[in-house]
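First, one chain by itself in C-alpha cells, the form predicted alone.
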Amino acid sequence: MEKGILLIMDGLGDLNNKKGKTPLSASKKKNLDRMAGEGILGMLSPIGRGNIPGSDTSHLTLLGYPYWEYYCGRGPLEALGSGIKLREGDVAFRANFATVEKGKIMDRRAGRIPTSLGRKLEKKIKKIKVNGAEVLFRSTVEHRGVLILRGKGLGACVSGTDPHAHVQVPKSRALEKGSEKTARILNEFTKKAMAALCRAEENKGRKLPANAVLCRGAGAYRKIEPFAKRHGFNGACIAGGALYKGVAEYIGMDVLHVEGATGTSKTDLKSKARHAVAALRNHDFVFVHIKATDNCSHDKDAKCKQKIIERVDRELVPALKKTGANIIVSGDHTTASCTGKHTGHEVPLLCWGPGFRKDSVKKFDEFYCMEGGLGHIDGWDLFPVMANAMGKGKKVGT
C-alpha cells in the first residue's frame, strides 16, 4: 500500500456531443475500463463545484497545496518549469510569441510556431536590456515562453499585454501602488522585443511571423513548505509542459528529465511509463502529467482528444498498473471541445489499487463516474484520499 501514482490527463473532462458522447466515453480504453471494474470511481471538482479552474490553481490543489493559500501567480510556476532558478521577489510572466501587424495582434500564438524556432528567437530576446531591472527570457514549448524581471522595487500587480483578442497591443499598467516600475519596464521590453523580432532572419517569408512577445500572468516568487515535509513522504514529477514541472518544482518535488516528453501530441508515452516505474524505486509518490488531451480540446478537435486517451490507455496505463501502486486517474479541469475553453464541470475520477475500496461501476467516463462509490469530491480532498490509500494518512484528533 506504500506507493502512489497520480495520472492527470489535462482537460480530460468534456461535454457530450450531439450523439451524447464525450471523447472519453467514445474511446476504446480496455485498460482504464478494466481498472474501473476493479476500483472505485467518482466525480471531482478540482477547485470547488462550478468554479472554472486554471491548470495552475488546480494542480497545486490536487497535490495538496490549496490554491487560495499557495498560489503565487502563473508566471513564477512557468519560469520554474523552464529551468530558471528564481529568487524571492522576482516577478515572472507567461509569454507568447505572437504575430502583430501595424500594432494589432493578428495571431497571439504566431501560428503555434515549432519549439525549434522559439529557441532561435530566444537568442534575439536575450540581448534586450531595460533600465531598472535584469531581464531573463526563455522559450519553452512551441510559441510559449517566460519572462522574468529581477531587481529592486518591483511589484507583481500589473496588467498584461496579451488581451486574448485581435486588438492593438495594450500597454501594461499598475493595478496597485508599488507596481508602477514593473509596468514601465514591461512596456519598454515589449517595444524592444518587437523591434528585435521584426529584424530576425527567421521571420522572413513566414505568413505569421513571430514578431512580438505578449505577456500575462504576473506573479512574485516566494518559498513555501516543501512536499516531503508537508506530506511526510517524497514525490517525483514526470511532465513535458513547463507549468506542470514548475508546480512540482515550486512545492519541492523531484522533477525528472524524461527524454521524449514534449508536452505535445507527439510526447513519448512509453518513455514516461518507463521513467514512472523507475521513479517508484526511490520515491513514494509519482505525478504523471499528460498535456495533449487539453491541447486537442483547445483546438476544438474531439477526435484528436479521443486518440490521445486511447494512446494513454495502450502505451502508459499497463506499465503503471503492473507496479501494483495505488493509482488515481483524473483531470485538472474540463475543457469543452465544442468551445475550446475550460469549464466548471466536474471531471471523472478513477481510484485503483490495494488501498482503495471497490464499487460496482464497470467503465471510466463522465457518465459512469457519476454512479461511482466515491461520490463527488473537491480537489482539496484528493491528496488525503491518496495518502490514506498509501497508508500514510494523517490522523485528526486523538
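Keep in mind that what you see is a predicted model, and the values were worked out from it rather than measured. One-based numbering along the sequence shown.
Omitted from view is the form predicted together with another copy of the chain, to which the following refers.
Next item on the list: Please check if Tyr67 has a heavy atom lying within 4.5 Å of any heavy atom of another copy of the chain in the predicted complex.
Entry: Tyr67: yes, in contact with another copy of the chain in the predicted complex.
Notebook entry, point to check: Is there a heavy atom of Gly37 no more than 4.5 Å from a heavy atom of another copy of the chain in the predicted complex?
Noted result: No, Gly37 sits far enough from another copy of the chain in the predicted complex that none of its heavy atoms falls within 4.5 Å.
Note to self: With the partner left out here, check for me: in the predicted complex, does some heavy atom of Arg49 sit within 4.5 Å of another copy of the chain?
What the structure shows: Yes, Arg49 lies within 4.5 Å of another copy of the chain in the predicted complex.
Notebook entry, point to check: Can you check whether Gly331 is within 4.5 Å of another copy of the chain in the predicted complex, heavy atom basis?
Noted result: Contact check for Gly331: no, nothing within 4.5 Å of another copy of the chain in the predicted complex.
Checklist line | Stretch 162-184 - residues with a heavy atom within 4.5 Å of another copy of the chain in the predicted complex | finding: Going through 162-184 in order - heavy atoms within 4.5 Å of another copy of the chain in the predicted complex - there are no hits.
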